[in-house]
Every structure is written in C-alpha cells, then in structure tokens.
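In the block that follows, a single chain appears as structure tokens, in the form predicted alone.
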C-alpha cells in the first residue's frame, strides 16, 4: 500500500475544501476517497426537466462569510452567481406568513396577533424563568406556547419524529432571535424586526445547480480523488481504511467527513466509544420534483401542517432562472408510497440530530480519535448541523491546524 500523508474520506464540501487548501499550501501527498460517482455530497445537483435540481435538498451559499466566498470564487467566479435576498415563508394553519414568523405576526388578523403577543409576553424568557435544556421545553420558553403549539412543535415533529423529545436546546443559534419588544414593534409598524435567520442573503449559480462549484473543486484535484470507494472499516492501530471492493489505504493522518455510523468495522477503539457511535441519531430526506410553476415569490416555504407529508417546498424557478417547477423535501420517517413518475432522490444522511447526548459523545470520540491522528470534519465528521458555508470555513481552519501540527 502507498502511504499518504493525508487520507480524506468523502468528497463533499468539507473534504474538497481541505484537499484544495492542502494543495494550495504545496502539499501533494493526499488522497480523497468518495463512494459516489461524482463529488459534492449533499450539495450535488442533477439536470432534471432541462434545468438544475439540487438532489440533496435546499443548500445555498450564504453571503455572510467573505473568506469562504472568496475561496469558492477561485473555482467558480462571482460573475457566475446571482445574489438573492432570502424570501422564505411559513405555512401555519393554511395561512402563508413571511419568515421568521415572530417578526411577521402583523400579517395575521388582529385578533390572532393579540393572542400570539400575549403568549410571547408570558413566555419564560420574558418572565425570568431559567432556560430549559430540553428542546421541546425551550421552544415555548422562548417563543410562547402559541407559536410552539401551532408551528414549531408540529413542524419539528415532522423533521425529527420520535427523536424530538431527545433533542437538546444547545443548538438554537440557528433560529432567528426576535425579542418580544421587536415582535410588538413589528406588529405596530408592519416592518419585521429582530435578527434575521441564517442565509438571509445567498448566492445561487446563474447557469448551473449548486453542485457545480464542488465539481470544479474536485476537478482541481482530479488526480487525487478516487470515486466508487465506499469506506466500511477503519483500523486505528495501523491507520488503515478498507472499502467495499476490498481496497485498503493507509496514511499518516486520516480525516473523515463521512458519518461515523458508516464504519461497520472499527479496530483499536475502546468499546465504550465504539458503542456510543450507535447512539448518534440522524435523519434522511427525500426530494421529489414537480414540473408545475406556483404563483409565489418565495424561494421556499416551510409547512407545519401534520397532514402534509413534506416539510418544505423549494420553488426553483425563483432562484434558478430559466427553470420551472419545484421540489418537495420529506423526512425519511414520513415517506409515503406513490404511483407518480416524478424524479425522486433519497438522501440517507441529511440531518445530524442534536440530541442531548450528542455533545458528550462527540467530545470523547473526537478527542480520542485525534490522539490517534484521525480527525472528524464537517457536518458528519463532527455530527454538527453545519450549513455548507460553515463547513467550508471549518475545513479551511482544519487545513491550517493540520499543517501546523504535522509540520512541527
């Protein structure tokens, strides 16, 4: 076996960023293994009905991290992107309201506004109660029981299923932050106030799907990527991985961006850490394409209604110009049989669940693995609910850290 200095598992945003940063620094002894036939991971795209469709669901390039966008523009220049002000909405009891809901209650009837405002005013965060650590208790503590019961809990039950009661509250920075005073001001002025959600402005390619930038990054290191290599085993004693076709690869440093659950054989890891991996939870998502245009300006809409199997619709004709139609996103535990012949794609690994046990599990796992020169990176390597731009940023930082450590 040819030993590489760096062996990278997975050619998604994390793995591709790390590999290209290594190359940029003059490193040549690295190899990327990817189980699929092309790069991109959850950010891959396909040509469906004559236009791009993102088969991993709705992933966009946030404008808020200049170092990340500058890096990606090296592969796909800024002139090849359109920039949008996010137009997202929520469907609550059949009524479409701008997102975030708590900043746009003024779009409801006056009696409903009053009910929601009274509920928010009595929320625990406004009455001095200590914040809960359980997600389902934190939501009414922060937003009031009416938003919790009519929107957030139904929607997130669609997302997380039976695991919703096992979620922690430590990852709530992903949610908009809107105070009661800002909600009240919005109702009085009909102007949304408060912290906007992540990806409030974003880039989308002009002529391609979001997967294009990752294909170009893979092409920049094409001699150092092997496709069709599904990793199934890892040996911490020899720093060797095995794949389903019987291939074996060894390295001085292994960086995994794939889910830890994908390792069916782990050698040299303490049993208690190995067992804890099985306690990590995740969700799958299926996207389904529909060719009809919908009369809406929204880029996407979140649907809380339990009777609807899907939880989100993305209207691609509003961000991929020249296209038509939309796609739905449905969580794996809510999939239904269908006799339609629409394009469908199931992503087994879509969302890492932020369970109460997850931080401790990953802390012990990553600390122990790093002592053996194995590093977890990105949404799946760290089991973190990272957006793609965040993933690129942490991978850039990892490249700097790895080169600093291994060059000592």
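Numbering follows the first chain given and starts at 1. Predicted model, so just to flag it, every value in this text is computed and none were measured.
This next part talks about the form predicted in complex with a small molecule, which is not shown.
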Would residue 43 count as touching the small molecule in the predicted complex under a 4.5 Å heavy atom rule? yes
Partner proximity in the predicted complex: residue 35 to the small molecule, non-hydrogen atom cutoff 4.5 Å: yes
May I ask you to state whether residue 326 is within 4.5 Å of the small molecule in the predicted complex, using heavy atom distances? no
Closest heavy atom of residue 350 to the small molecule in the predicted complex, within 4.5 Å or not? yes
Checking 210, 151, 315, 135 against the small molecule in the predicted complex, the residue with a non-hydrogen atom inside 4.5 angstroms turns out to be 210
Please tell me which of 259, 192, 332, 124 lies within 4.5 Å of the small molecule in the predicted complex, judged by heavy atoms. 259
Which of 335-343, 378-386, 359-367, 45-53 lies within 4.5 Å of the small molecule in the predicted complex, heavy atoms considered? The stretch 378-386
